[in-house]
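A single chain, nothing else alongside it, follows as structure tokens in the form predicted alone.
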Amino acid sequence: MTPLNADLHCHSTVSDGLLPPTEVVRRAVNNGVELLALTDHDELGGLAAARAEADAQDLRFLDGVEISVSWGDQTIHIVGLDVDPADATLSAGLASVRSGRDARAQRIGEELERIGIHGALEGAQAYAGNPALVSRAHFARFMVATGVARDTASVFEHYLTPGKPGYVEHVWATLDEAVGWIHAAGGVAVIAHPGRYRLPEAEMTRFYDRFRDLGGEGIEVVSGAHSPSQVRDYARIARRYGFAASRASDFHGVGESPVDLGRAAALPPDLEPIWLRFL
């Protein structure tokens, strides 16, 4: 059987993507995607337009979201798939998460100003399609455009990750809250790009244990951020915990994301694809 070309994690201009929701859908169709989930950060505002375009293009579509979670001193992301965008519990929870973003963006701008990077907040705001959601990616795009760094990955490496001069800690949702909101909205909870988290093995084990105990269903085994060795590592985690496996590009935009929509590697064949729950 030919594997389904499913891409279950990507972004639009409603959060920190470069394309509007309708263009994300059109690009996915052109790339041969057969099942798409739009998962903007802490935001549901692009789903109606994306779904309408997906219906027009005869593309199977899942309403999704990527929720920012604080775990210790790290930010971890949980994707919700097949959520009800009209659910009051999810909407209120996401509103509470978004409410702190303005203050964080202000503080990031101040920290960058302190080291001689001027006008960063205003510059980041100019790159944000959604003025209510200014993220580190928008600061990174401004800093690349003004010659501070050669690419967005370099900005994160030198300025916007823990211990670097532009990083600002922020308390997001708890893991319990994020999984609870997703389940309240009828969705399935998935750990996003686990290869990006810099936690000791023992702490990751504690995180996986808690996610499983909360009823979390899946993990992104294949992600645009994962190397082949990491795919093997997270396939083992999926088997150990009984998690279904997700496949995603985590596409933000052409020239910025390492993997285009629908172009991620195939899942290891022995794993349960999470999309079987939606077909």
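Residues carry their position along the shown sequence, with the first being 1. This is a predicted model, so every value here is computed, not measured.
Although it is not shown, the form predicted together with ligand AMP is what the next lines describe.
Participant: Which residue, Ala137, Ile78, Leu112, Ala185, is the contact with ligand AMP in the predicted complex, using a 4.5 Å heavy atom cutoff?
Facilitator: Checked against the cut-off, the match is Ala137.
Participant: Which one of Tyr208, Phe156, Trp71, Tyr127 is close to ligand AMP in the predicted complex, taking close to mean a heavy atom within 4.5 Å?
Facilitator: Exactly one listed residue reaches within 4.5 Å, namely Phe156.
Participant: Which single stretch, out of 114-122, 100-108, 175-183, 197-205, brings residue heavy atoms within 4.5 Å of ligand AMP in the predicted complex?
Facilitator: Looking at the other structure, the answer is 100-108.
Participant: Would you say all of Asp16, His41 and His252 touch ligand AMP in the predicted complex, counting a heavy atom within 4.5 Å as a touch?
Facilitator: Per the other structure, all of Asp16, His41 and His252 touch ligand AMP.
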